[in-house]
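Below you will find one chain, with nothing else, as structure tokens; this is the form predicted alone, and questions on how it binds or moves follow later.
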């Protein structure tokens, strides 16, 4: 069946819809601002993508760090890794398009094995997830045979397959505190491991944490000097950071939390200014969803997240290339699923 003709009134109506959502987004370092002309340019794409979704019984999962035109133009669900993992698990779609990075799409495939899972760009890796392989983790496990092996959700499928339980930055403290083992082997984030160790000690929880040496190329770059300079310039500033940041940055922040927790903190907090020490995409979401708040910059771009585009989403929906389709060995998928299912079992119930 031929695709419906995109008439000028249809394109104009879509452009106006997009502008109503995107007009407040101005978080890019280059100072991009949405207007009716830029919305008209992307309207044919968003219309085509949304049509293709219906035709193919597809769902588009969008991480908070991808471009706002993807999140609000075509995304069905938006959020952090944990929330999107839940949506992947619940999905009844024939196709899942994961606009994020590859390890997230792998997680969707682990939880929805019967769906066709595609990524817009196979090059959308992650400095953190790619910092350790399954073989390297097996060697670490051999060195610490009495340790519970805990992986951050920002890890590859082969690493998840070697772990006892997967965690997120939101549920990690609860899960580790309730594991019977005192010694914990935590991969792959060294900086987050330091922050977990500090927080568990603050809570009076006696655990020995051993970490691998991975870091997030976005969050590791923030500094205490940046915070001090911003506080001097903007009285009343609230500093919001992610636990993937260095420990001294976390200690100097007003709030430290997962992507979802940062979002909720800003929405529920009254302050004249906010400094978001995370990926700029989250600032874009907040500018859409809480436009009265003022952000002073400071966020950083993830080059991998920014590989996602509307054009690539459309192409993955139309006719995904073999490199865009996520495939996993079934035995590896089952072992990785065990660590994620354990997370769902052990995570605090809300």
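Just so it is clear, the structure is predicted and the values come from calculations on it, not from any experiment. Positions refer to the first chain, counted from 1.
Just so you know, the form predicted together with ligand 13P exists too; it's not on screen, but the next bit is about it.
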{"item": "Which of 141-149, 264-272, 112-120, 236-244 sits within 4.5 Å of ligand 13P in the predicted complex, heavy atom basis", "value": "236-244"}
{"item": "Exercise: residue 78 in contact with ligand 13P in the predicted complex, heavy atom 4.5 Å", "value": "no"}
{"item": "Proximity of residue 71 to ligand 13P in the predicted complex, heavy atoms at 4.5 Å", "value": "no"}
{"item": "Heavy atom of residue 104 within 4.5 Å of ligand 13P in the predicted complex", "value": "yes"}
{"item": "Partner proximity in the predicted complex: residue 156 to ligand 13P, non-hydrogen atom cutoff 4.5 Å", "value": "no"}
{"item": "Contact set, 55-71 vs ligand 13P in the predicted complex - heavy atom within 4.5 angstroms", "value": "63, 65"}
